[in-house]
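What follows is one chain in structure tokens, specifically the form predicted alone.
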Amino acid sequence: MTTRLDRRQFILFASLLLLIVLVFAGMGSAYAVRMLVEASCFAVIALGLTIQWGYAGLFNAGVMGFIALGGYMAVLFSYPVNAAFWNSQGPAALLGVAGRLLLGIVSIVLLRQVHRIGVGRHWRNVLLTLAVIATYLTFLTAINPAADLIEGQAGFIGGLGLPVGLGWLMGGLAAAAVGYWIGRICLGLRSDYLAIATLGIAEIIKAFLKNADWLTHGTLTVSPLPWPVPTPGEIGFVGARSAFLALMVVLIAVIYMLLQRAYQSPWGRIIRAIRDNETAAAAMGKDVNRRRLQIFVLGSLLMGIGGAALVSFSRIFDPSGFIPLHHTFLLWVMVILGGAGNNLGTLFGAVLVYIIWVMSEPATLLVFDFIRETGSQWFDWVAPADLDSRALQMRVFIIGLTITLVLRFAPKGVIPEEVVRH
């Protein structure tokens, strides 16, 4: 069985390598290397999704939100400092807002403990609700004047000018913090609540980043973002993109080795036991919700890092550019096609699906040109004027057809999770 799987994996990866070579030959080195860098960023995000879904069976329908949050943190920490903001009254205004918010949070934390002095649960909940409402209204009334002040005097706050790698790390930590908050609320409920919560949070994050002009520059976008390697202006497109690709390969290798060790450890076996039979795992004394929270936070961390890397490579942060089709659905296709719970399969699926996604348009254009020429010469057929514009929409059909075929003939993925029997 192992020999058959090894042979199958060899054939799959050899075919993938051949496909990459064809892309290099047909589209050129600059285009192909850019595609591989973007695929590697998606691979990091897909690894985060596969450990959530494949390891623990947690359905995250809001991957887009974690990507967007990670991307903005890369902007905040690595984008050059905006001197106009620091020389304005904006920092003092934000400090005042932060002080009010901190006071509200402290009051909420203290009210959570009033039961220790004899206050009943009902009245504690009433006081907490009032404190949350008061904190929100106070924050809202303070942030609006501060935002107007910043937009009028400096445009937006800019970045901190710190190393790009630190921005990637903070992107992961910010996504992990949001994942922890969602998990604390939803992981003790039915799985569909988690899907609804993540979907909603993703749209909230996107809407906030899109409309908070003082913080993110909104739809005006932020560019050019710095790279952790020399830029194309310094060493050329192919050289710079190759250096970025090498960095991503090293990052993926480190993450892959750590995930493999975690998967094969007692911790990994506990996670899979909870996924396969939650009742039995709980009966054996395992803290189901705590373990699920750990895996959800870890997956969110990787999504944030991958999102930060993706935005850094694009060199532009545009909140409107995050769409569920591209930044959630496509990642689910990668994980399902590759094999949920199998890190190697996820990497294969990420690269293959992204190549299909990117190359669908030029490949469809070639087919349309052949149909147009053949129809004109043989049947005097006049092609529609908008035939070429339909090529972009064809990639959605091709991705849908791909996942349909995989679900029909390889429902566990082309490289499924290996079942280890003890």
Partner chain sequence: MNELVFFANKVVISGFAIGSVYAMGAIGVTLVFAILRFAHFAHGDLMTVGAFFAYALTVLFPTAGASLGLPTGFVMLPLAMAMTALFAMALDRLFYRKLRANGVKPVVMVMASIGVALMLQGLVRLFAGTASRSFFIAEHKEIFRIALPIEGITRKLVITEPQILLVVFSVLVVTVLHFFLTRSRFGKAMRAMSDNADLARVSGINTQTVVMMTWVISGALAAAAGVLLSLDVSLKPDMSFNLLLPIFAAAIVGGVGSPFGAIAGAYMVGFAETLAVFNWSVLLRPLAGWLPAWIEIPVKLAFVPTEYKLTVPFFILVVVLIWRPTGMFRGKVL
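Residue numbers count along the first chain shown, from 1. This one's a predicted model, so the numbers in the text were calculated from it and none came from an experiment. Whichever C-alpha set is largest while still superposing within 1.5 Å between the two forms counts as the rigid core.
Separately, the form predicted in complex with the partner chain exists; it is not shown, and the next lines address it.
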- Query: For the spot marked by Asp192, Ile336 and Phe397, is every residue within 4.5 Å of the partner chain in the predicted complex through some heavy atom?
  - Reply: yes
- Which one of Ile196, Leu127, Ile105, Val288 is close to the partner chain in the predicted complex, taking close to mean a heavy atom within 4.5 Å? Ile196
- Item | Of Gln89, Thr219, Thr141, Ser265, the one that lies within 4.5 Å of the partner chain in the predicted complex (heavy atoms) | Thr141
- Go through 244-252, 77-85, 304-312, 199-207 and give me the stretch that gets within 4.5 Å of the partner chain in the predicted complex, heavy atoms only. 199-207
- Does at least one non-hydrogen atom of Thr135 fall within 4.5 angstroms of the partner chain in the predicted complex? no
- Item | Distance check, Trp53 to the partner chain in the predicted complex, heavy atom within 4.5 Å | yes
- Message: Against the partner chain in the predicted complex, would Leu401 count as a contact residue? Criterion: heavy atoms within 4.5 Å.
- Response: yes
- Message: Can you tell me whether Trp332 touches the partner chain? I mean in the predicted complex, with a 4.5 angstroms heavy atom cut-off.
- Response: yes
- Determine the residues of 346-373 with a heavy atom within 4.5 Å of the partner chain in the predicted complex and present them in sequence order; the list may be empty. Phe368
- Inspect the rigid-core superposition and answer whether the C-alpha of Ile20 shifts by 2 angstroms or more between the shown form and the other one. no
- Query: Once you line up the core, how about Val358: does its CA shift reach 2 Å between the shown form and the other one?
  - Reply: no
- Superposing on the rigid core, is the CA of Ala30 displaced by 2 Å or more between the shown form and the other one? no
- Task: Quick one: in the predicted complex, is the Cα gap between Leu18 and Ala391 smaller or bigger than here? Answer closer or farther; it shifts by 3 Å or more.
- Result: farther
- Assert for Arg121-Leu293 (C-alpha, 3 Å or more) in the predicted complex vs reference form: pair farther
